[in-house]
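Next comes just one chain, in structure tokens: the form predicted on its own.
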């Protein structure tokens, strides 16, 4: 197998578009429990209480929905340069930007389905005001006094017309490893999960059943315990949030999950991955068959049909 490449440290942030900016912001802050760290133009920058960076979600008002871009942080300036050289050799580079309110210069590129990525190194660490200073100095911010209090950004899922092409592309661009995949009876790759570090995954791709390109499936924030997800389900219910599926446990990656739609229609997941880490340097990709996936989730819950068809922007 190829030697693992650890030029990328972690998933940094996701920019989501919303055509209902006030309602979406209310959901992400008052209901989901993220904190606002800044504003610029039509964008609001948000984060979970133990995200060390200035933001992990950039919420931007727009005429449409979906994801504008996803950002990854490199492990060093030299690592960033290596990734840029590799991406430029692949012919998918979009060039440099000056950065954002939360980070320095970033190099942008696109995947085979048209999703836009950026890689940066220089970042702005979150400095909490006095009223948010945590009791423990190794935590980014005090735990918010809210029923739902996500700890950190966990992963995102993107839709693609050809997941096999993505499976080939992402390791070359980011140095990711493929931890798990779904291969259907006809040989089609139905889903693929990638990691750049020891987390079980930071991005997943699943096949877009509509045939559309460049769509967004969901963004996920992690909570500390499964019980927090059960509490969140009641909060979502009381606030009229559409609960799509769960709480339950995935078979793939074993994540305990709950999926909802925020007011503009972007899918959001709360998850608890337990203690699962990919520690083996020679990890062998786990492949799930079509028959195995038709059994549903880990404890038998059938995958809801909208999970295969709903994405943003609408197809």
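Keep in mind that this is a model prediction, so the values were computed, not measured. Positions refer to the first chain, counted from 1.
We do not show the form predicted in complex with a further copy of the same chain, though everything after this point is about it.
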Check all three, 83, 88 and 94, heavy atom within 4.5 Å of a further copy of the same chain in the predicted complex: no
Answer key: of 35, 253, 43, 65, within 4.5 Å of a further copy of the same chain in the predicted complex (heavy atoms) is 253
Can you tell me if residue 276 lies within 4.5 angstroms of a further copy of the same chain in the predicted complex, counting non-hydrogen atoms only? yes
In the predicted complex, does residue 9 have a heavy atom within 4.5 Å of a further copy of the same chain? yes
So, in the predicted complex, is residue 198 in contact with a further copy of the same chain at a 4.5 angstroms heavy atom limit? yes
Is there a non-hydrogen atom of residue 166 within 4.5 angstroms of a non-hydrogen atom of a further copy of the same chain in the predicted complex? no
Out of 262-270, 57-65, 35-43, 244-252, where are the residues with a heavy atom within 4.5 Å of a further copy of the same chain in the predicted complex? 244-252
Going through 274-293 from first to last, which residues have a non-hydrogen atom within 4.5 Å of a further copy of the same chain in the predicted complex? 274, 275, 276, 277, 279, 280, 281, 282, 283, 284, 286, 287, 288, 292
